[in-house]
Every structure is written in structure tokens, then in C-alpha cells.
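Below: one protein chain in two forms, given as C-alpha cells, structure 1 then structure 2.
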Structure 1
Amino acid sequence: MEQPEQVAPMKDLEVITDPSIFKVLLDPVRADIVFKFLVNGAMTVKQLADVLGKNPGTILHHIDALKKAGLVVQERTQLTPTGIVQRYYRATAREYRMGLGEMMQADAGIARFAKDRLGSTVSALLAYGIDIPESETGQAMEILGRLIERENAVTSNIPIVDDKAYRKLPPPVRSDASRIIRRFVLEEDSRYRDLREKWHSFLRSHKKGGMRNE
């Protein structure tokens, strides 16, 4: 017999603002448990151990750490014909993102990671015809950082209202539906629109001559 737990609905997006939680996910096994498996549906410790090739005791240790960090919840239990209680766990959100502002104020290692990630993103725009000189990289990072923070703040409030219906959807459909809803709620937010226009204006001013709009 299946016994559902009283847990909060799965979120579409969870923004990680606590550096200690981010550190939990630096462990590759824990990252795989959340990002490869539990964002897509509930699984038992035994099922996770089988797909990851790990000892169930090791997986349970990781699950406990993820539960403590608020990244995983026990969704339901199920009694097998042999009387064994199986516990099913799932992620608390479909997707997780790092809160840049908080990470940049964290300890040196995490702050450096966040800053390097943002800087690398700005530099990568050259491949798409956006040539930002080194003297303006700081300005680009500041504008983009504010835009990402606002996007995170707005889209992290989107709940998955019907979790049963959501779990029946193939992963590509989930992604498409999520993208549509996120765009919709962002367009409804005036602060996001203002920041987006500022960012787009900055990008337009640094377009290389060969880049065209179709």
C-alpha cells in the first residue's frame, strides 16, 4: 500500500542562496542524485544505489545530507508484499540555480567560482559576435548579474501546481512548458523588463560589424 507524505509541491526553480547548501552539491555523487535522477521523479535508496553503482548505506548517507539541506524530500512510502517499507525521495525543485549575489559575498572559494562563472559567460559572448573590451567587462558583469538575480527572484516563485500531471510529462515537454511559463512571468515583471532592456542596449552597442539580426 502506498502512503503519500505531506510535503510541499515541487517548485519549477529553486535558487540556492545559502553557500553551505551549494557546498553540499559540490560532492559529485550528491550532484548526480539530485540533477540526474531526483529532479525527474521519485526513487528509493536501493534504486539510486543500483543506477549509481554504490552501496545503499552510502546513498542513504548522501540522501540524509540532501534532506538536511532542503534539496530532497521523502515523497511517499510503499509497503512491499514481503513487508518491507520502501521510501521514495524526490528533489524539491525541477531545476536549481546559484544565487550570484549571495555567492559573491561568500567565502573566497565560492565567491571566486561565482565571479569566474559570470566573467566566463561575458567573455563567451565574443563567439556570438558581441565584442566587449576588457575595460568594460566589469560593467557587463554588473548589468548581467543584476539581470540574472532578478530573473531568479521572479521565476523561483513559480510552483508546480499539479505534481502528478507534471511527473507524467516526458522531460523534453517539461522543459518546453517551463520555458514558456518563465518567459510569461518575466514579461509581467517591470523591473526585469527594465534590466533586460539595459542589458540588450549594452549588447547592441558591442555588436561586431558582421553580426546581423534576421
Structure 2
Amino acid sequence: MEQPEQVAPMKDLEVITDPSIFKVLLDPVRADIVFKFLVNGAMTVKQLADVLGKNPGTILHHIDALKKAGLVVQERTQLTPTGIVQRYYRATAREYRMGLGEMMQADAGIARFAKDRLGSTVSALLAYGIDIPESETGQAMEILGRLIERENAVTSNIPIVDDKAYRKLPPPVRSDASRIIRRFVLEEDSRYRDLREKWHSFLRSHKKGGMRNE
């Protein structure tokens, strides 16, 4: 019997390790669809077309590519009184992260993107009074890269022991529970703690004066 597939609940975090999936998101319209809209909730093709100012056909093609990449799923279908069959699509996770190690191993374009992104993040700390001289940028990127990779490795595959109960949770509650557990498993991981301590002492040694609250 043909039964609609049961859609997996939205994950709190997904680490993208496949460079081909990352490439799908390099298209600015697809990136907008996922990061601006579908991570926040389900939308129809018509709604996405309206907010992005594109025609529905274009959005359908992008949704097709995102579905194939496993970044978007069809959540539900509604029939309107006028006969329109609206399909609601949403992202598979609330937050996506780049798997740094895999991206650095990917082709030159993606590896350069990942390196530049990490470099920009390190430079951006100057806005918070962390002044890292150019000669130490490489060291900062290396420590931060290892810390991020460890965090991704620890938090991306937390086992769910009661899938039935997990599926029944309302999304905001599921998200809060997921955050608590992510923090907990990180604190339990000694390698993560060591790397974090190393990174924090590096930051402390480059701090200029005091820090203001954001």
C-alpha cells in the first residue's frame, strides 16, 4: 500500500560534511530559502515565491534540488477551498554547520571558502577587543578549527533512545531539550574541554582591555 513517508522531526543541528550538498547551498536563492525561511518553519512554494520575488516555477526547481540534497523535506499538504494543493516544505534542521575538516579536503573552491570563512571569523573578534596579529592568525585558525570540528563530532550524532517520545515533543520543547543535551555532552567530553581551554587562553592572551556586553 502506498503510504506517505513519515517525515523525521526537525533536527536542532546538522553538520554538512558532503561538499556536494554544500555546493547546492552556494546558490544565493537556495541559501535564502533555507537559512532565511525554512529553518524557521514550513512554507509553501507560493509563499516563498512571494517573499523572494521569484516565480513559483523557479522556487519549485530550487526546492527540488534542496530536497534531493536532503536539506528540505515536505512536511504536510493542505487543500485550499479553491482547489489548490499546497505542499509545505521545511528545512531538515534549525541550524546548519559546515564540517570544516571535510570542506578543507574538498575541491579548491570549497576549501578556499571554508578557510576564508574561518579567517574572517578570527578577524571579526577584533570587534570584541580580541586583537590577533596577522602572524598568529594561522595559529588561531588552527585551534578554532579543531575546536569546531570536535564540537561538531560530539554534538551531531547524539543518540535518541526513545524515538517515539522524541517525535511526539512539540518543536520548541524538542529544541530546548536538544540544546541542554548538546551542552551536556560537550561538557562531558575531555578532548573538547581541553581544546576549549586552549582556545580561551589564546583569546585571553590577546584581549585588549575589558569587554562590554553586546
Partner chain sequence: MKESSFEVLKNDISISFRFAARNVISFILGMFGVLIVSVVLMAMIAVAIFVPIVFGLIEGIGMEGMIQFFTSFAAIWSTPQVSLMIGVFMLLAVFVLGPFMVAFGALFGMAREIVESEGTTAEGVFAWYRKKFFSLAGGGIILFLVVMWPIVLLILWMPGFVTGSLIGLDFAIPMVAILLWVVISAGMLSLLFPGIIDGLSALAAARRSLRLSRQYFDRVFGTWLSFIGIILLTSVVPLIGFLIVLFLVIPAMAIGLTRVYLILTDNVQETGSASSENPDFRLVGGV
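All residue numbers here refer to structure 1's sequence, counted from 1. Basically, rigid core = biggest C-alpha set you can superpose within 1.5 Å across the two forms. Predicted model, so just to flag it, every value in this text is computed and none were measured.
Student: Where's the form predicted together with its partner chain, in 1 or in 2?
Tutor: Structure 2, which is the form predicted together with its partner chain, differs in this respect from structure 1.
Student: Would you say whether residue 140 is displaced between the two structures, judging by a C-alpha shift of 2 Å or more on the superposed rigid core?
Tutor: The answer is yes; the displacement is at least 2 Å.
Student: Inspect the rigid-core superposition and answer whether the C-alpha of residue 171 shifts by 2 angstroms or more between the two structures.
Tutor: Shift at residue 171: 2 Å or more after core fit.
Student: Align on the rigid core first; then say whether the Cα of residue 203 has moved by at least 2 Å between the two structures.
Tutor: Shift at residue 203: 2 Å or more after core fit.
Student: Cα of residue 159: shift between the two structures in Å, core-fitted?
Tutor: Looking at the C-alpha of residue 159 between the two structures, the offset is 8.8 Å.
Student: Taking the rigid core as the frame, how far in Å does the Cα of residue 120 move between the two structures?
Tutor: So the C-alpha of this residue moves 3.5 Å.
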